[in-house]
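Before any questions on binding or motion, here is one chain by itself as structure tokens, the form predicted alone.
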């Protein structure tokens, strides 16, 4: 194994894995820290559900993943977080980065959530979502990690006692040698973590080349774009053109949507406008103890055989805020996650074999409920979202899963993804 990746949620794990696979790197995603030996792969992504748990728990799980990856012989470690830098002043990006740096005995790393293909760019240390600053985007309404500041140096500095600095765009434009020189200077200035500007894929490739010898990288999925070529140049990797091939499956299809992002709201709306089967999950009914999951499963089974269904808790910002005000943000989220996970299990039990799940927390809960422990990474549906194959589940049959970050994909994503899986 060359690269060991610790991802803080399940959709982010498949996102970064897809970057490696499309460059011919044999990549396996494992769910949680395995008890046994590592599978045969060039890269292994350990998918954790640590983005919004208490920082102490996120650190403990991340260190356990690191120890397992070290035992498997990884050459470089990569801590993967969201391209919108989802976090709070308490963490978890800073605390996990600190713990990994301490464990690896390294005094310097970079932080670069940029993903230009999906409109996430960093300029002068400020994160943009499309043409908007992060703080002006829909992320300001995120139910658990509202992002109210686009200055990533300031955001990260609030989460770590280490000094945070900046690798500016004008240095990166000069190439990998200039970046290495600047990193040496930053170290002399006692900077331990540098936010790295990146507005294009070429910037990410430059950073990959400059940082190839760092024990630890911290980033979104974009930085992984340039790593396979660096490894191939060093003779570590022979790219495999079949790395993204999956085996066929037969059975029904369904979409589960827990994300309340602007992108996912548009995808749900487009599905409904096309008069496709859809049923909404009511958090208030869940709080009252009503059998919402059972009702949704029964409804899905009553639909026309072979027609894909959508089960969603996706809501616009105003409705989301009203529910959170009544039930509490964490409680409402936990109720919805548990319900959608139960529905996922019920749908698979009744023959669904292609399941698209929108939202990081929802994806994590559903995959765990399905008993999946390992995913093979397939071809991209859109930047950041591949189909994956689970060879093990509680149903004992192969599944195809697409785990979508809430902010990814265009309005027709649900329809396009299911078409791509046939």
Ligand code: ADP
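Since this is a predicted model, take the numbers as computed values, not measurements. Residue numbers count along the first chain shown, from 1.
Omitted from view is the form predicted in complex with ligand ADP, to which the following refers.
**Q** Work out which of 258, 125, 91, 226 lies within 4.5 Å of ligand ADP in the predicted complex, going by heavy atoms.
**A** For this set of options, the contacting one is 258.
**Q** Of these, 71, 144, 298, 349, which has a heavy atom no more than 4.5 Å from ligand ADP in the predicted complex?
**A** Checking each option against ligand ADP in the predicted complex, the one that comes within 4.5 Å is 144.
**Q** Heavy atoms within 4.5 Å of ligand ADP in the predicted complex: which of the stretches 386 to 394, 372 to 380, 354 to 362, 27 to 35 has them?
**A** Stretch 354 to 362 is the one.
**Q** Although the partner isn't part of this model, could you tell me whether residue 314 comes within 4.5 Å of ligand ADP in the predicted complex, counting any heavy atom of the residue?
**A** Residue 314: contacts ligand ADP in the predicted complex.
**Q** How about residue 336: is it within 4.5 Å of ligand ADP in the predicted complex, going by heavy atoms?
**A** Because a heavy atom of residue 336 falls inside 4.5 Å of ligand ADP in the predicted complex, the answer is yes.
**Q** With the cut-off set at 4.5 Å between non-hydrogen atoms, does residue 14 touch ligand ADP in the predicted complex?
**A** Heavy-atom contact with ligand ADP at 4.5 Å: absent for residue 14.
**Q** Given that ligand ADP is not shown alongside this chain, does residue 266 nevertheless sit within 4.5 Å of it in the predicted complex, heavy atom to heavy atom?
**A** Close contact is absent here: in the predicted complex, residue 266 is far from ligand ADP, nothing within 4.5 Å, heavy atoms only.
**Q** Can you list, in sequence order, the residues from 397 to 417 that come within 4.5 Å of ligand ADP in the predicted complex, counting heavy atoms only?
**A** Going through 397 to 417 in order - heavy atoms within 4.5 Å of ligand ADP in the predicted complex - the hits are 405, 406.
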